[in-house]
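Take a look at this single chain in structure tokens; it is the form predicted alone.
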Amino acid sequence: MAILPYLIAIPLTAAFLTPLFAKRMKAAADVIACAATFFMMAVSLAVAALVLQGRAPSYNVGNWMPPFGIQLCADALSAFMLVTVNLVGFLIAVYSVGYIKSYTDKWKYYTLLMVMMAGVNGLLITTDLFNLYVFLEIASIAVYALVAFGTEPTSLEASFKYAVMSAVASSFVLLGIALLYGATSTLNMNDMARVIAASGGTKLLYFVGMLFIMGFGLKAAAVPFHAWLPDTYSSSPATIPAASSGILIKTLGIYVIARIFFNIFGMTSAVSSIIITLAVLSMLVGALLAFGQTNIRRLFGYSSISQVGYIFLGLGIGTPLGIVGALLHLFNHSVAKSALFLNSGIAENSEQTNDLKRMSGIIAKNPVNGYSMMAGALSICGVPPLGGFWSKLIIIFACIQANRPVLAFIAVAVSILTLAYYFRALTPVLFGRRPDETATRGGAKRSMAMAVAVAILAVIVISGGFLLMPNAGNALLNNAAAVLVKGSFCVNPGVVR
């Protein structure tokens, strides 16, 4: 029985069923979304188990064999990403049960969320570059609408700005794919890698590489392609920046860049230098801009830009240790930043503001919200023994191992800057004494679903370092890193399932 098509069919079926049943039964949209994301997470874990058994699943659409047909395939990197994004997607769906009911027409929200998940899952398992672009656009278009879901003027402006900039990025990507197809006469990524390796580097390939860096760099919100992110994150429902930071940036940007430059083009010193430059700019600019923020969402948004820099730094170093650190930080940042954004939604509802200067004493008022937010912030800062500490430590060690002490120093310095701006911004928010004017606030309607989601995320944030332990996830992490180190991509997949 084929397993990979379920990762696309389940969310699309949920997107189709939601409008049918939501108008007849009030809770139908919640149930369908939570059930669909739960099954997607279960299928992702099953795919990861098959990969670890050496039986990488693949599926030829319409029984057409590659390179003429479209093949879906999951190697260890795909499986690692599938587990990460579907875990975050499930918890966002659970949180949405309590959060999104304050909005009208929540079935539209869930329908768009399911379409987005279908696009993300499809992007992670396709071996066809044009199909990858199609899935990328499916996910992106759903997000444009989700950003505007609040229908406030700021939401509509942010959505329009994101759509325009993303369309420019998509144009770069599509032009790059067309040129690459003209040069290799195939869209299958394995075949592209084979043709490029046989022909050697050409000036056209360098140009295509720059187009991809600009296009996918914007999707990843790496500096200097980050301008869309702060407005988008501060103007949409809290679940959207959680999904963007925890899922979209990682798949539409970082995953695709890693897949293309490690598995198709092959990593070179020139590409490594470009990625490291983007990494250092993102780490420094994101951290410095975060210092002056008074809006909690914009603070977390600029923090995301800075943390994306760490992931690019590990990938740019390109050693096995650096790639393991990058992938571990990708996982840790996905769960920690999702926890922060979802907690910001609870705090905003409670305090009736997103201004950090007007928030205080959240731990005293709502301990689950406060402590979960604190766990996410400490992990992002790299405080031991939380998950973020281990991934940053590995990246720093990788810099030293690669004889790049300046990069190691920058990584340490930015981590100290991160601790400083989080400490400055969140200490009064979490522990501050509630002034009289806020004592009467709190029309906050607490939701068990929202509390459960952020509590589970906090547990995962705290235990993120366990992924390094034998028999606790390190096998999938190491195998995912090996896919990039070896430059292989679904080579000789196992039995077709």
Partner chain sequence: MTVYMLCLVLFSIGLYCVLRKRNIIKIIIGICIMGYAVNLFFILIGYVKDGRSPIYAHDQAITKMVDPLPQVVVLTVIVLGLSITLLLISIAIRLYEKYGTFDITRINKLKG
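Numbering follows the first chain given and starts at 1. What you see is a predicted model, and the numbers here were worked out from it, not measured in a lab.
Keep in mind the form predicted in complex with its partner chain is missing from the figure; the text below concerns it.
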Exercise for the section: Check, residue by residue, if N366, T418 and F431 all come within 4.5 Å of its partner chain in the predicted bound form, counting heavy atoms only. Expected result: no
Problem - Options 378 to 386, 421 to 429, 126 to 134, 405 to 413; stretch whose heavy atom lies within 4.5 Å of its partner chain in the predicted bound form - result: 126 to 134
Exercise for the section: Evaluate I260 for contact with its partner chain in the predicted bound form, applying a 4.5 angstroms cut-off between non-hydrogen atoms, and reply yes or no. Expected result: no
Exercise for the section: Indicate whether S272 is a 4.5 Å heavy atom neighbour of its partner chain in the predicted bound form. Expected result: no
Exercise for the section: Considering only heavy atoms, tell me if Y371 and its partner chain come within 4.5 Å of each other in the predicted bound form. Expected result: no
Practice task
Evaluate P224 for contact with its partner chain in the predicted bound form, applying a 4.5 angstroms cut-off between non-hydrogen atoms, and reply yes or no.
Solution key: no
Practice task
Let me know the one among F331, Y302, F212, F90 whose heavy atoms come within 4.5 Å of its partner chain in the predicted bound form, would you?
Solution key: Y302
Completion exercise
Residue within 4.5 Å of its partner chain in the predicted bound form by heavy atom, from I196, L284, L187, L321, is L187
Problem - Contact set, 6 to 30 vs its partner chain in the predicted bound form - heavy atom within 4.5 angstroms - result: none
